[in-house]
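For reference, the chain that follows is the form predicted alone, supplied as structure tokens.
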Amino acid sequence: MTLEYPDKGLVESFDIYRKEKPSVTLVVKRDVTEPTLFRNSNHDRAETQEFGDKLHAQVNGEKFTSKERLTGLALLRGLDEEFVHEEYAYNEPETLEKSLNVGTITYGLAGTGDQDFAIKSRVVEGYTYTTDEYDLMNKETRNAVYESGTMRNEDGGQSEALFDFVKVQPGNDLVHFVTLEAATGPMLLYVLHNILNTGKYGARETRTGRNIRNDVLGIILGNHDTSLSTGELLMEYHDEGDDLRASIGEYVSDVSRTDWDVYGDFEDANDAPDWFERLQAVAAREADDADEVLREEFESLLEGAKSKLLDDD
């Protein structure tokens, strides 16, 4: 059984010039399952944003994208050695030909090494924020270790140097609207795979196991930009203690346009259609034929991109 893609929200094939920009937005709920530090300019705590009288941790979308891109790259290398050039390394692009793979044509890439080139990203992820308050008082205090890797020096003395981390604690969530503009069906499949199969985010000190569990609550298809914002959701539609799915439903319903199709597990959304259930099963690699379908879809996308980008070079 092959995949079916919706008629709305996607383009039929890869093209360099995007005259039309239909959009697909995935509504992603990111559950914090272990203490997690989304460090930005502050070394020991997350960036914050205040809504009303509550402080929320603020996370740049790139913090999620970079981890999910690596998940996708590992998948491509595992599926078929022809999908990624043997000399390609993440964030170290050389020539366009060596850098061309499903990941770079989906998430974009700028090459400044042996050859200058640019591939526009089809994926837009804005800032997101914790749905509940970020507790600055909830510090984890640790002893600094010596060069030996222990908290004892060569004379057996105990380390007295301390440092604190203020992490986002389990039970808090983040809602993220991940939008693909002028993307093809296989690009949607690829992004969905990367979201569903990535579980380690944040600073290195917090990535000892899966610390985030991603749940795709819904999908919104539109002929144009959907422009959904987590900040708008939290500032105007959600208070601490409210049912999150009800808040998302109210927000999406209020800003929805006539050209939108809304499916998902929140209020006022239509039940997920069969094509989306199948897409998620393949993307999560739960379907028996998942790897076969992923290989087939990505091969088609890559060949189409090569014919446009390399022939045009």
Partner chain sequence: MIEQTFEATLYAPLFYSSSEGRAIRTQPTLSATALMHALGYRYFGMEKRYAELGDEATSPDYSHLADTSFFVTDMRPVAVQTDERTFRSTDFRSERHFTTNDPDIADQVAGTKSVPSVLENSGAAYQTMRNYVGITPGSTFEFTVWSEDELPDRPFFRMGIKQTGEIRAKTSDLDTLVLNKYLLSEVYGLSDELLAKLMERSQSFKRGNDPRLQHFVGPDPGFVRDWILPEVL
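A quick note: this is a predicted structure, and the numbers were derived from the prediction, not measured. Numbering follows the first chain given and starts at 1.
As for the form predicted in complex with the partner chain, it is not shown, yet the points below apply to it.
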property	result
The partner chain in the predicted complex: contacted by all of Phe266, Asp274 and Glu277, heavy atom 4.5 Å	no
Partner proximity in the predicted complex: Asp225 to the partner chain, non-hydrogen atom cutoff 4.5 Å	yes
Interface membership of Val124, the partner chain in the predicted complex, 4.5 Å heavy atom rule	yes
Any non-hydrogen atom of Leu136 within 4.5 angstroms of the partner chain in the predicted complex	no
The partner chain contact at Arg295 in the predicted complex, heavy atom, 4.5 Å	no
Residue stretch of 213-221, 108-116, 166-174, 190-198 approaching the partner chain in the predicted complex, non-hydrogen atom distance within 4.5 Å	108-116
Any residue of 43-72 that, in the predicted complex, places a heavy atom within 4.5 Å of the partner chain	His43, Glu47, Gln49, Gln58, Asn60, Glu62, Arg69
